[in-house]
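A lone chain, given as structure tokens: the form predicted on its own.
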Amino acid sequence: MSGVAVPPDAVVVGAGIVGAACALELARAGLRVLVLDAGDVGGGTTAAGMGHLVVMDDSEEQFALTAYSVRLWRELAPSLPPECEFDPCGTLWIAADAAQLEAVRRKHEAYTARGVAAEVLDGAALAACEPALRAPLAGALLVPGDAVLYPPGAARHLLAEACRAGAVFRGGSRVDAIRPGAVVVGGRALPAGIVVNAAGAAAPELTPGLPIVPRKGHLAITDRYPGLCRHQIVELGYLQSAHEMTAESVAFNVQPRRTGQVLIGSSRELVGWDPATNRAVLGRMLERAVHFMPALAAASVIRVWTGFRPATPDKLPLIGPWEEMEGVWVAAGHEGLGITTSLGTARLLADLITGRTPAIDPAPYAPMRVLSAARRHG
């Protein structure tokens, strides 16, 4: 995978899960694709993520993209190798009290009206589903079509499939700059009619003006406790934590892993590129987890890490052409939903590049939207 015989039609910058998915879609569309990354496949944010494949309803636009992407993941699931650790465990959105249970019922109506299967559980049914949760809880919304997977394994699989379709990957190739019709690597310009910036939180370093900032998060993983957690479990307050650009926030979010471990999240901070563990925030995150799942108090946490989500002002990713520079396309700014939306992003981008009709409206994700709005109100 080290070399190309002829100049590529498209250079994808970034071999995280979004870049890998874009490379696969473009290669299958018949383009000669070169993928460049300063590291290896599935590093950066992909390696630091939880790996949820979840339909989210913070906005109509978010719902459309996540539901579309989760459907694509379900279609792909039978062909995923074991190293992807795909687990169709579903998601439980838990309600702590009667008021939150009403919110669960509204969420149920919104999902089912849009064709996403969901079921309202009362407190007893929730306790049967997840005995380790504290009691009493009012109930939950079960979304059975959601899943989790191991993000680095999924990224490696997608890029391997892209290479089987003709793409070429060059790891250890840091892109210094993106120019019209070319990328600069090691002082040398590599020509390409199309350049896809899929560099995640680092995307603005290569395409100045992209409205993306790094948002740090902590995750923790336990030793092996098979059966302790059976579904992805999320508190209803997660959306507020995830999508309000406050300095610090935590929310309860746990996942079962195929290994029997429990992955614990989540936190969010706006601290630039500081990777250090914030023990106060981590402590609040773990306390929140124990509050909802008391058995975690006795669990052994064997690893803690941080990563950087690429956040945008309106909480939607940037997918499409960057009109400030001819030939440059963007697939970045997914915040905490890059794993979920990678397949939908890639399909949408490939549709736009090749002139196919997209399955969902691409306008809400157009990269120029935030810049254009700023200019209108400037």
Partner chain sequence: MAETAPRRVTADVAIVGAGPAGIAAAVRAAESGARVVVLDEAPRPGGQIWRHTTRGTLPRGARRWLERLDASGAQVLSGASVVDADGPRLLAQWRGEPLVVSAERIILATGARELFLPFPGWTLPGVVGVGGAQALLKAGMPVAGRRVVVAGSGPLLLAVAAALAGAGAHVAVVAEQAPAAAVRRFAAGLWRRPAKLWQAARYRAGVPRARHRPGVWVTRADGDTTVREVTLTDGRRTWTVPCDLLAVGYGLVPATELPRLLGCRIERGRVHVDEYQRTSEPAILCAGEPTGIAGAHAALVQGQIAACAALDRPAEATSLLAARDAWRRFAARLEATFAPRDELRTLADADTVVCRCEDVTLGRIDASWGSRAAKRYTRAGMGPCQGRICGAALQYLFDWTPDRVRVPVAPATVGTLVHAAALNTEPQDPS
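Numbering follows the first chain given and starts at 1. Just so it is clear, the structure is predicted and the values come from calculations on it, not from any experiment.
The same protein has a further form, the form predicted in complex with the partner chain, not shown here; the description that follows concerns it.
Checked against the partner chain in the predicted complex, the candidates 93, 150, 252, 73 yield a single residue with a heavy atom inside 4.5 Å, and that residue is 150. For the options 269, 85, 130, 161, the one in contact with the partner chain in the predicted complex, meaning a heavy atom within 4.5 Å, is 85. Although the partner is absent here, residue 279 lies within 4.5 Å of the partner chain in the predicted complex, judged by heavy atoms.
For residue 113, no non-hydrogen atom is located within 4.5 Å of the partner chain in the predicted complex, even though that partner is not displayed.
Not displayed here, the partner chain is approached by residue 303 to within 4.5 Å at the level of heavy atoms in the predicted complex.
Proximity of residue 41 to the partner chain in the predicted complex falls within the 4.5 Å heavy atom cutoff.
The stretch from 205 to 213, 96 to 104, 292 to 300, 130 to 138 that comes within 4.5 Å of the partner chain in the predicted complex, counting heavy atoms only, is 292 to 300.
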